[in-house]
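Taking the form predicted on its own, here's one chain by itself in structure tokens.
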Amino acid sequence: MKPRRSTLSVPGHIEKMLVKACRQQVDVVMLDLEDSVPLEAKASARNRVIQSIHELDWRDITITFRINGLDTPFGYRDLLEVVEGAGPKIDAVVVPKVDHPKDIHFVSRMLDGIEASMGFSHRISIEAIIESAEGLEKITRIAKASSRLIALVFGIVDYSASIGARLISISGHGEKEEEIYPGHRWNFEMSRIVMAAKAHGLLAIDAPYGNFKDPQGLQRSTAVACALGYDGKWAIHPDQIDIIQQAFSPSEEDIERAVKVLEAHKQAKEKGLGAVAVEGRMVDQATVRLAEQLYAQAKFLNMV
């Protein structure tokens, strides 16, 4: 699977933003039909997204699009029209407000029917946004709801509202957290999403950081997500992409460390040993797996 270190969310109804998005050095562009699109532009945004997918040069960027909630009059139409109109060029459908595995069942079966009807050989994936207490409570069932599912995404603002958490910043997207809570306020939720994702072979993607004029805050937020095991993070502005990509990419030091571990493991294996000491530290099979994962990512990114 291609990396999803950074996902740039772009309003689906604004042409100049779509044109700008296709020129970014970003892993994923998510064409949004939900929160960033006003009610009166919902229908026209679908057509704009379809047109943009066909006409713009997306190079090797992964293209996804976010439908409206399935409890709205727009969600099923978004899925039907955009997939029929541009299915072979779409990598994944992003489903918001996933509270129950039946939400994923519905989208998956709809995709089955559309792909069969249109004769598409390309299989579209699903990304599920967990943004409520109900969704988090059912996350294990959601994570195994469909073989199309490839990622779980943390929706911090709606989740905050669903549990009645205090709004402490203008955007509500991860700002000023350290000022109100001794520790990381969303550690449990983020860790729970990671656990469910990794237990079922899925990616875990973090919510965006709302203040795009605060690079230090973004760095802190991204570092926490990376440390917890997340694979990537959403961006709401192109200026956030570089910080996010760097955080989720192996550093030269990381790669050197991984190579050292793998070489030591190879030598130990040749001698019939299991664990081995490297610079006074124990290296066992779990350490080797981490090193293998990091080295594989670096290789995919042409860093080795």
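Residue numbers run from 1 along the displayed sequence. Since the structure is predicted, the reported quantities are computational estimates derived from the model, not experimental observations.
Note that the form predicted in complex with a small molecule isn't included here; everything after this is about it.
Only one segment in the set 91-99, 206-214, 67-75, 220-228 has residues whose heavy atoms sit within 4.5 Å of the small molecule in the predicted bound form; it is 206-214.
Taking Lys260, His54, Lys269, His237 one by one, only a single residue has any non-hydrogen atom within 4.5 Å of the small molecule in the predicted bound form, and it is His237. Using a 4.5 Å cutoff between non-hydrogen atoms, Lys20 counts as a contact of the small molecule in the predicted bound form.
The small molecule in the predicted bound form comes within 4.5 Å of a heavy atom belonging to Lys16. The small molecule in the predicted bound form comes within 4.5 Å of a heavy atom belonging to Val10. Although the partner is absent here, Thr62 is not a contact residue: none of its heavy atoms lies within 4.5 angstroms of the small molecule in the predicted bound form.
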